[in-house]
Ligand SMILES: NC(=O)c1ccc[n+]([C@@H]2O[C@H](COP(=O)([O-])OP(=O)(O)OC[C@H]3O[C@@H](n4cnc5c(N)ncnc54)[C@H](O)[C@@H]3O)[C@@H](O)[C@H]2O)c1
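For reference, the chain that follows is the form predicted alone, supplied as structure tokens.
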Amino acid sequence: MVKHIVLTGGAGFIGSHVAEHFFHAYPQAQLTIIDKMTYAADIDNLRSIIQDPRVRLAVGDICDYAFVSRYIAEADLVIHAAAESHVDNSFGNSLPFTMTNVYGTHVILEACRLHKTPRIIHVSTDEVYGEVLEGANDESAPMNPTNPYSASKAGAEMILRGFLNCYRMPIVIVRANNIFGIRQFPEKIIPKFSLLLHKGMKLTIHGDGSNRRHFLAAQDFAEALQLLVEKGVIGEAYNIGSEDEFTNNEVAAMLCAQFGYDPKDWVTYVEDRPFNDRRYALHFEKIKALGWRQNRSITNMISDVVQWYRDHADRYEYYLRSPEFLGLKK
């Protein structure tokens, strides 16, 4: 029985959906959320659960061993979702990515080792496999990261493998496709474009817009994590994938349609970033064999997601005035 869950990064977009899901899935468990409360985190993301006495928010850095260890000492389940994750930011200053994603993961693992945590779920990414132009990667594919962000996540997995082999720790690794939903910080394509269109601003796309991504609902991802807590095999990695694959151009057109706009009039193209993976793709039969299914589709959810950003546009007003947000130089 799970009695005390520690979730890192739980005030961010993905983490808050995981927090909500596990709060309801384990009604007898205490939930401690560790978050540094950086720009991408928000206490409002936890509005539905934060007042409950079973929930505690611990504000601090996962690179601080004494801080992390104090909370992990109480846990029988640790879900490590905290990460620096915006690829564009990693091109400008990659050091925070290595510190948080590699060293921070090492700190979490060392605390879990010391306190003999019974179950650890590590949230990685499909980007560790690198670019996949044809077909899809299963969990046995080699890691081939192509940018500082994915390199830092691959580095974290190397630390994990060392702990697994040396200490036989109870770790399960998950690698997921692009996750979408409400409360996502507007540096990602769906919230950013939704807010720009809401404000009557044109969209900018890197390169020619042909880059492709699979989109996985945050709720489907959270359900997959619960299944892996209960049925995942220690030491294994599991892909969590989606059948929904779209180019950036197709996503822009989908969002323009929500506003009644013709994308030909609302999309402009800008110089591509230093390296932009054209496609990621996952085989995810392994987790489907445990009973998981993709239950939500971006095409069915996009209207509600866009409406949420329209209703909460004031929350992001500061970023809508930022040159970096608008894709402009200072």
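In this text, all values refer to a predicted model and were calculated from it rather than measured experimentally. Numbering starts at 1 and follows the sequence shown.
Another form exists, predicted in complex with the named molecule; not displayed. Remarks below refer to it.
J.: Let me know the one among I205, V102, I179, A222 whose heavy atoms come within 4.5 Å of the named molecule in the predicted bound form, would you?
T.: Contact residue from the list: I179.
J.: Just one of V123, L255, A156, V78 has a heavy atom within 4.5 Å of the named molecule in the predicted bound form. Which one?
T.: By the 4.5 Å heavy-atom cutoff, the listed residue in contact is V123.
J.: I have G15, A41 and A83 flagged as a candidate spot, so tell me whether each of them has a non-hydrogen atom within 4.5 Å of the named molecule in the predicted bound form.
T.: So, yes: the whole triplet contacts the named molecule.
J.: Name the stretch: of 29 to 37, 48 to 56, 290 to 298, 264 to 272, exactly one has residues whose heavy atoms fall within 4.5 Å of the named molecule in the predicted bound form.
T.: The contacting stretch here is 29 to 37.
J.: Just checking whether N137 would be counted as a contact of the named molecule in the predicted bound form - the rule being heavy atoms within 4.5 angstroms.
T.: N137: no contact with the named molecule in the predicted bound form.
J.: Would R113 sit within 4.5 Å of the named molecule in the predicted bound form, counting heavy atoms only?
T.: Residue-level check for R113: no, no contact with the named molecule.
J.: Though only this chain appears here, would A281 touch the named molecule in the predicted bound form if you measure heavy atom gaps against 4.5 Å?
T.: Contact with the named molecule, no.
J.: N248: heavy atom within 4.5 Å of the named molecule in the predicted bound form?
T.: Contact check for N248: no, nothing within 4.5 Å of the named molecule in the predicted bound form.
J.: Let me know which residues along 198 to 237 have a heavy atom within 4.5 Å of the named molecule in the predicted bound form, or say none if there are none.
T.: Going through 198 to 237 in order - heavy atoms within 4.5 Å of the named molecule in the predicted bound form - there are no hits.
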